[in-house]
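First, one chain by itself in structure tokens, the form predicted on its own.
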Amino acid sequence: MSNLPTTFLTHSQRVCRLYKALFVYARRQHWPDKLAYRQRMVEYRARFDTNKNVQDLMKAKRLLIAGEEELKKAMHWHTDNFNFPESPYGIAESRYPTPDDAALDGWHPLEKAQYPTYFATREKRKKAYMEWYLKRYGVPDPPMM
């Protein structure tokens, strides 16, 4: 369980992590434009420097929580509406559709001979399904032309 925190973080550790997270966020936000990235980092650094000598611990904690909330709101695209690629609404959903079971009926007998127990069981199941279907729904009417 290495993902569980084993110790509490101090205030200065949380501030450092917030600062690093802001660096990462600014790099992602302004990726190709290094000038805009550096500008944003100078603004962040100025905000941190204005509050680095706060002696009141409650005020410092409120500032830290406000900064963490601001970062969380700014990164809303990353935390909300996340779908794994192959889950429903993911980008890879149904990318490789499962083939229909009827495709196995088109196999050559030499291919079927490589898996004799599977195809023997499959034939029994198909026969049982057809018996169940005819018992439940009856013989289907021929198509009218």
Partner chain sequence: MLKTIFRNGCRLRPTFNICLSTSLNNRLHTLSPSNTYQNGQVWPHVFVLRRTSILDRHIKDAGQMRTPPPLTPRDIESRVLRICNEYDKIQEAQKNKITLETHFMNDLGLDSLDHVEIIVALENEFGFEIPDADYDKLYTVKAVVDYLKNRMHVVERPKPVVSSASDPRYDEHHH
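Positions refer to the first chain, counted from 1. Every value quoted in this text rests on a predicted model; they were computed, and no experiment measured them. For the two forms, the rigid core is made up of the largest set of C-alpha atoms that agree within 1.5 Å on superposition.
A second form of this protein, the form predicted in complex with the partner chain, is not displayed here; the remarks below concern that form.
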If the criterion is a non-hydrogen atom within 4.5 angstroms, does every one of R17, R27 and F119 touch the partner chain in the model of the complex?
yes
Candidate from D101, D33, E93, E70 lying within 4.5 Å of the partner chain in the model of the complex - any heavy atom
D101
Hey, in the model of the complex, does Q39 get a heavy atom within 4.5 angstroms of the partner chain?
no
Quick one: does R45 come within 4.5 Å of the partner chain in the model of the complex, counting heavy atoms only?
yes
Contact test in the model of the complex: N51 vs the partner chain, heavy atoms, 4.5 Å:
no
At a 4.5 angstroms cut-off on non-hydrogen atoms, which residues of 106 to 126 are near the partner chain in the model of the complex? List them in order.
W107, Q114, Y115, Y118, F119
Did P88 shift 2 Å or more between the shown form and the other one, C-alpha, core superposed:
yes
C-alpha of P97 off by 2 Å or more between the shown form and the other one on rigid core:
yes
Following rigid core alignment, is the displacement of the H11 C-alpha between the shown form and the other one equal to or greater than 2 angstroms?
no
